[in-house]
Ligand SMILES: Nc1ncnc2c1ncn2[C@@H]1O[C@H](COP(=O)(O)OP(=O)(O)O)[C@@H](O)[C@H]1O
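Below you will find one chain, with nothing else, as structure tokens; this is the form predicted on its own, and questions on how it binds or moves follow later.
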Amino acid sequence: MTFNTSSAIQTKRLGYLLGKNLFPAACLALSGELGSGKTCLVQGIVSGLGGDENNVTSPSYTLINQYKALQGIVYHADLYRLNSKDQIYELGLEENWGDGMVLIEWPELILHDLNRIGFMQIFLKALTECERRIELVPYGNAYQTVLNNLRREDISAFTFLCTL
């Protein structure tokens, strides 16, 4: 499922709708160049989970941030500065799988490992300064259900361009 958004507000709104439809222990892998809107989307997701989007910052230097939400703890990881799986596993991120929701920016080094638990990959691409293309790809039945539920959301009030 692919969406085009034309502002940060729309990107956050898409994240909100996605967050509203997530389940405990969900894992999302966000891929895209610097400035493509990954953290902006995470702000919306945290808001949709009942957390405060104003607490969401890029974990580029801290590597993992935690946010409280009504649906539990959200672990927000940024693996950009890490060069090996060993460095990633030293963080203990996999210990949080199942304990809360895990949102991973720059997940490329561990995508193969995520297959065993199921996840949703999200590709973000900056089209212009404000426009983004956001593609959601489910890996597992639970994530397909999330997309099916997202399709039922009333997004008509927003100027999303959606392709199935």
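Small disclaimer: the values here were computed from a predicted structure and weren't measured. Counting begins at 1, following the sequence as shown.
Not pictured, yet referred to below: the form predicted together with the ligand.
Comment: the ligand is not present in this chain, but in the model of the complex one of Asp52, Glu33, Asp99, Glu108 has a heavy atom within 4.5 Å of it, namely Glu33. Highlighted residues Gly19, Leu22 and Val46: none comes within 4.5 Å of the ligand in the model of the complex, counting any heavy atom.
Taking non-hydrogen atoms only, Asn65 never approaches the ligand to within 4.5 angstroms in the model of the complex. Of the heavy atoms in Thr2, none are within 4.5 Å of the ligand in the model of the complex.
Of the heavy atoms in Cys130, some are within 4.5 Å of the ligand in the model of the complex.
Contact check for Cys40: a non-hydrogen atom falls within 4.5 Å of the ligand in the model of the complex. Only one of 135-143, 122-130, 109-117, 66-74 places residue heavy atoms within 4.5 angstroms of the ligand in the model of the complex, namely 122-130. If you take 1-23 and check each residue for a heavy atom within 4.5 Å of the ligand in the model of the complex, you get Thr5, Ser6, Ser7, Ala8, Thr11, in sequence order.
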